[in-house]
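What follows is a single chain, given as structure tokens, in the form predicted alone.
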């Protein structure tokens, strides 16, 4: 069943809501007609059964039905600090990590980031919000992950609180540094993934000094986009959030 996010506070059982923002998709892409069932969400963690009441190329509306809990949100709340990546790789990470269950994304500009400065990343925010929303709808998320303004690396390592994990290829060469985090009692954490080319040694050292824990993602060197997805999946699995 097709799922659509509306602004917070929009939905209540028995209400008639406008879906004009989705009219083209409903009418011309999905070719739905009045009477079609939908699922509507407003980021509250609930999902609402709804019925499409009218649809045209520019206007659409639905009648909101009963609300029910949506059990797809993870217990472990992961904020992903991800250094900028070239081309569509950054959008790909947003898409896949939304599907996995990340709750917040923070773009970061590091020394080896190809896309810079931070303002250049913020200029892409509308496109990235759309990627996140579509991935959340497809993966049956109940809450839209947040997208924060971009930060420079030093701002990013000082910005995060709580358990902070930094996968770094240099971890394997530093005896006793890389270890598996214990997540049984952890409710939220931050994960920082470097850019193409990895983080500079001085950046990894600065992150450690700021309280970030260096971890490894196995004996092989992963591309930045792979490291982000593998890291999120591994952490959710360790926390028991992958249903395995």
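Residue numbers count along the first chain shown, from 1. Everything numeric in this text was worked out from a predicted model, so none of it was measured.
Here the subject shifts to the form predicted together with a small molecule, a form of this protein not shown in this document.
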Any non-hydrogen atom of residue 227 within 4.5 angstroms of the small molecule in the model of the complex: yes
4.5 Å heavy atom contact, residue 199 to the small molecule in the model of the complex: yes
Close approach of residue 218 to the small molecule in the model of the complex, 4.5 Å, heavy atom: yes
Residue 193, heavy atom within 4.5 angstroms of the small molecule in the model of the complex: yes
Option from 138-146, 119-127, 162-170, 94-102 whose residues, in the model of the complex, bring a heavy atom within 4.5 Å of the small molecule: 162-170
